[in-house]
Ligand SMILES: Cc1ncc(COP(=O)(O)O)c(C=O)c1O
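The form predicted alone is given below as one chain in structure tokens.
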């Protein structure tokens, strides 16, 4: 973030869209949470220290030896065909059978969301999101100035009965799309049940609606039975978004979109204007990593680590947090969603938490319209078990101290 500007002489030059663009609150925290003395539960950082250096080196050496010129040259806007073939295999692991020609490589899944927003949303268009929802999606959608329709989550994902009621009572045009993170939700940690998935698809069919399915975490399941992607049941009505950030590394910035042909073509045109193509070197490295089966090796490595760290956080929450608090118990992914007493404000508590050298993301960041003030998102994938226990212990002291203060002032209701 740049220093605060008192006077901005360029105000009259900015587009209206820039006034709707907000900095991600997770990114704003990074300058603080990156400090070694801070126990950070804030970022959605995957565990990458377990990536074997020899495997990384071997994959990159193969790229340099076999594809040197291609690696350092411009590439196709749609992405490398050989990488798209490997991504089809990744999707097949979750039961989604696709064709490479319907896959668009993007510079991270964040670009995919941005391109979809620019393709589908005009100012004022209604779109459906979950409450809470992924911060990056809000960051991508807000500049297009849509009208947000928020549908709450519970332990089985988006409450489809609430969505049905809202759609039935809607005046004006139907939503352009329904955006969902069905697996190990960010930030909620919950997974949409099979019944809810069927009901959502039926509702989309009834109202002729598009679904954007954002699935970065589906392969990070470490207990329970897997659920097939929505796109595996209706390729015409579902646009599927995913990324290699969580199963390889966020540093290679490789995501993708699986979309029906007409939408695919629009996305390609917009991507060409945005960055011409995603980096060839990253794509070729990702292809080698996938082709050599190293992604399976990495998943086998990180799943038990994530499970152990999740268990450490759940145990620490149970031991240290007040009995009035509630939290989700994810079967995979990276996040636990904590609900505090209604009178607490997690955003106001954050500076106090930072003083105790522990960080999280306040819940309001994941909502449109000011809800979620008594929630917080905790990431369990990054910190080791002993630091998780210490961090939760420190955080509990902040929470309990705030509860005592509010009670003493008669504000605990």
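Numbering follows the first chain given and starts at 1. Computed from a prediction, not measured in an experiment: that's the story for all the values here.
Here the subject shifts to the form predicted together with the ligand, a form of this protein not shown in this document.
*Asks:* Which one, 282, 328, 243, 288, lies within 4.5 Å of the ligand in the predicted complex by heavy atoms?
*Replies:* In short, 243.
*Asks:* Considering non-hydrogen atoms and a 4.5 Å limit, which listed residue (118, 235, 142, 253) is close to the ligand in the predicted complex?
*Replies:* Flagged contact: 253.
*Asks:* Among 194 to 202, 165 to 173, 105 to 113, 263 to 271, which stretch sits within 4.5 Å of the ligand in the predicted complex, heavy atoms only?
*Replies:* Contact criterion met by 105 to 113 only.
*Asks:* Are all three residues 179, 214 and 217 in contact with the ligand in the predicted complex, where contact means a non-hydrogen atom within 4.5 Å?
*Replies:* Every listed residue reaches the ligand in the predicted complex, so yes.
*Asks:* I'd like to check something about residue 337: if you look in the predicted complex, is any of its heavy atoms closer than or equal to 4.5 Å to a heavy atom of the ligand?
*Replies:* No, no contact at 4.5 Å.
*Asks:* Going by heavy atoms, what in 148 to 177 lies within 4.5 angstroms of the ligand in the predicted complex?
*Replies:* Counting only heavy atoms within 4.5 Å of the ligand in the predicted complex, no residue of 148 to 177 makes contact.
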